[in-house]
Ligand code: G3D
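This document opens with one chain alone, in structure tokens, the form predicted alone.
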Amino acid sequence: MTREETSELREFVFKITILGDAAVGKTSLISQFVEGSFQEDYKPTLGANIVRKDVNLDNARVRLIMWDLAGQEKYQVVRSMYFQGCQGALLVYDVTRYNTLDNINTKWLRDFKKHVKKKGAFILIGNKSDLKDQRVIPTERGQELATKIKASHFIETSAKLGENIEEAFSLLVHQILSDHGVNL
């Protein structure tokens, strides 16, 4: 038997949060990742929405428990308990609204670091890259912030078109595995 045949499939369960201001596309990113679908009409998340997806890698299966946290200020009080046991985060901003980028460092990353006991992995996502005519935040500005906040990766996505969605989640999963000393 070869080494590949004898090696067992490794299984992991990771809780991750998707963070960012209201209407940056957090729920749409998850819907596109899990179901391959996009809803045109905006419905704000109330509190938190929890979604599960199994991801198969070379010799591992990773179950992602994704916590889509409401971006509205009124949920600030209960948000801290949602971070318990979290290993990673997608920090999402909208490339058409500057304030959503500013709030990544001043609000969302601060919350993540404050409430996640262990060092959690996080990546920065500039969403709505398909809205080229409405874009106000250049790609370079997102890259600068990612470097400044020490995000493991920066990527621009379009939840509407499904662009770079799989890659974004894959980058986060691989970073979490790496942080846990797992090499696949």
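For every residue, the number given is its place in the sequence shown, counted from 1. Worth saying up front: this structure is predicted, and the values here are computed from it rather than measured.
What comes next is about the form predicted together with the ligand, which is not displayed.
query = With the partner left out of view, is residue 124 within 4.5 angstroms of the ligand in the model of the complex by any non-hydrogen atom?
reply = No, residue 124 stays farther than 4.5 Å from the ligand in the model of the complex.
Within 4.5 Å, heavy atoms only: does residue 27 come near the ligand in the model of the complex?
Yes, residue 27 sits close enough to the ligand in the model of the complex that at least one of its heavy atoms falls within 4.5 Å.
Whether residue 130 contacts the ligand in the model of the complex should be assessed with a 4.5 Å heavy atom distance threshold; does it? Taking the distances in the model of the complex, the answer for residue 130 is yes, it comes within 4.5 Å of the ligand.
Legend entry - the ligand contact in the model of the complex: residue 23, any heavy atom under 4.5 Å: Taking the distances in the model of the complex, the answer for residue 23 is yes, it comes within 4.5 Å of the ligand.
### Task
Look at the stretches 50 to 58, 113 to 121, 138 to 146, 153 to 161 and give the one with heavy atoms within 4.5 Å of the ligand in the model of the complex.
Flagged stretch: 153 to 161.
Q. Which residues, if any, of 80 to 115 lie within 4.5 Å of the ligand in the model of the complex when only heavy atoms count?
A. Stretch hits: zero.
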